[in-house]
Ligand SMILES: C[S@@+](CC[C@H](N)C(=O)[O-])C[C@H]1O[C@@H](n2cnc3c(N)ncnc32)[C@H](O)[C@@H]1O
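In structure tokens, one chain follows: the form predicted alone.
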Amino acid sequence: MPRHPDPFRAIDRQPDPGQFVQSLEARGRTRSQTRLRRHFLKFVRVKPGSRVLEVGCGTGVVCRDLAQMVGPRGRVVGVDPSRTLIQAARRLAREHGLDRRVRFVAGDGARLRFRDGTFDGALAVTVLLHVSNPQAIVMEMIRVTSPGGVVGVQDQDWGTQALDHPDRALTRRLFEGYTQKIYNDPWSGRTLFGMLRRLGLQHVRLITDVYQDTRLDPWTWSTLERRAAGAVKLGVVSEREARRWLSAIKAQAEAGAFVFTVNFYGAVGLKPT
């Protein structure tokens, strides 16, 4: 079976799975990403001593934040289908001295191997955009959360990405063409609030935040490079157009006029008691 064009669907089947460890950790260190991630976790209202599950934990960036929030009496479990990422998450938790609070398990978020009501809260952060059936994962998150517990999801919405670029037509064609071919719903972030309400959660709240970069940080540049390379591979733009597009971005940054933003939407609700 050919690989899905979204590499996050099957990281362990990629030519170099290790590069995703570096990419996820680089994103986690990016100042704007750190700010919006922790803003969302504060919005979730994770309490000390809580038992919290993160689905699609990657290298454990969010789990390490959660471990600090739940404290020594709390416990965090991260689940991810990639064994490469799980191994990295375990190593990084040890290096940060958090391995007694965090446990990582390889598994499918749509078929969680936990009993009903195991956790006080369940989260999925920048995950649902990459899966074929987001609702199935959220339903499993609700199942393993105890009555009165919190379920929270956050995702970027690629329909809101904005780049100050001299060639707006090319930028629009590249962005829209790439995201439509990679993701089931590139505008998925804005659907999270409605999804939680439809699935029966109570007191659902919405938070909107913006990733912004005016310096062309390394993570932003690598993201735009991947966009360009992917657009070429998918036949959205030519190699010449991609090179010209990236060169203009570099020129904008050197002139101190670079701007890239994308909205992140977070929705949080309570499981009925």
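Note that the structure is predicted; figures quoted are calculated from it, not measured. Don't overthink the numbering: it's just position in the shown sequence, from 1.
Omitted here: the form predicted in complex with this ligand. The next part is about that form.
In summary, among the residues V236, V61, L41, L224, the only one with a non-hydrogen atom within 4.5 Å of this ligand in the predicted complex is V61. Residue-level contacts in the predicted complex: of R190, R75, H130, R91, one residue has a heavy atom within 4.5 Å of this ligand, and it is H130. Here the marked residues F8, V55 and V125 all reach this ligand in the predicted complex, each with a heavy atom within 4.5 angstroms. This ligand is not shown here, but in the predicted complex it comes within 4.5 Å of a heavy atom of S82.
When this ligand is considered in the predicted complex, I137 lines it closely, a heavy atom lying within 4.5 Å.
This ligand is not drawn, but in the predicted complex it has no heavy atom within 4.5 Å of V21. For D108, a non-hydrogen atom is located within 4.5 Å of this ligand in the predicted complex, even though that partner is not displayed. Between 65-73, 23-31, 43-51, 208-216, the stretch whose residues reach within 4.5 angstroms of this ligand in the predicted complex through a non-hydrogen atom is 23-31.
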